[in-house]
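There is one chain below, alone, in structure tokens, taken in the form predicted alone.
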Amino acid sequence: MQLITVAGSPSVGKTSVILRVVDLLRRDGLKVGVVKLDALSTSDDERYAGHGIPVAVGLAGGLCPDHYFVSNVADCLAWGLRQGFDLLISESAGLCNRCSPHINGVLAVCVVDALAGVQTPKKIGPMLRLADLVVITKGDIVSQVEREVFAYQVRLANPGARALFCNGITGQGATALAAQCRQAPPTPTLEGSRLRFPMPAAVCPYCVGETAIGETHQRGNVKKMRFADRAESP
């Protein structure tokens, strides 16, 4: 079975793109399943089920969705193997730009929105910079010049990735993306595999439920701002 991770910020069109790609893969006779991971709630599983696509859902709740993903991805792979899928797609929750749900040896896809502005690619961290494919959505809404500038900024942020435009509504561009998915390496197991980049640091009182504000409640991994009008103590 092949595993593919798909990540991106909220509302960039990840689900719509996946639906188009899965339709093409199933026409080739492949059995495809989806794992949908989200933060608090999702209705995307209903969209997948409406297309007859087997789907499993995981909600992170009060946990960081990226940490939740890493804790459960091996179990997701085992589920896919039990179901006899040829290909399993893991769709992450809409993540912050610092997140990094990509695994060595597993095809990594980052979906970005052309409406977000041409400076957006340089603001996204490992989620884009370490992806194998960067899928640009909503390119039909901007001008050709804006499309080219946005794609150029993507290439600057990740010179090793292939940038593809894909329209989740019309399906334009999905054929090229499906072809890349067919070439994904097999993932028989994730035992011993490693993330491509460390997760965001998360060891402080607020990570475990603290709600009080103030320095007396700040312990562990705490990062403070520096202000030019305040003298630094030696």
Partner chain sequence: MNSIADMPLDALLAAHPCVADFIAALGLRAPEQPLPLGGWLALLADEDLLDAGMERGQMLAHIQRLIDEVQAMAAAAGRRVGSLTLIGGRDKSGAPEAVRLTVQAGEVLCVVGPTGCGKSRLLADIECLAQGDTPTGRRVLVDGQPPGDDQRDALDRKLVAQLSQNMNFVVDLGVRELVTMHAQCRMVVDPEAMAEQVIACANTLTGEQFSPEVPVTQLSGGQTRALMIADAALLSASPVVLIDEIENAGVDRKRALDLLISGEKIVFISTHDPLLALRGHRRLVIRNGGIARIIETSAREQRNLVRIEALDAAVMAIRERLRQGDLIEEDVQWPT
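Note that the structure is a prediction, hence the values are computed from the model and not measured. Residue numbers count along the first chain shown, from 1.
Below, we refer to the form predicted together with its partner chain, which is not included among the displayed structures.
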**Study point:** Partner proximity in the predicted bound form: G84 to its partner chain, non-hydrogen atom cutoff 4.5 Å
**Key:** no
Review point. Heavy atom to heavy atom, is E146 within 4.5 Å of its partner chain in the predicted bound form?
Key: yes
Check your understanding: Is Y152 close enough to touch its partner chain in the predicted bound form, meaning at least one heavy atom pair within 4.5 Å?
Key -> yes
Practice item. Please run the contact check for A74 against its partner chain in the predicted bound form: heavy atoms, 4.5 angstroms, yes or no? Key: no
Point to revise | Proximity to its partner chain in the predicted bound form (heavy atom, within 4.5 Å), stretch among 185-193, 57-65, 40-48, 170-178 | key: 170-178
Check your understanding: Does any residue in 153-169 get within 4.5 Å of its partner chain in the predicted bound form, counting heavy atoms only, and if so which ones?
Key -> Q153, R155, L156, A157, N158, P159, G160, R162, A163, L164, F165
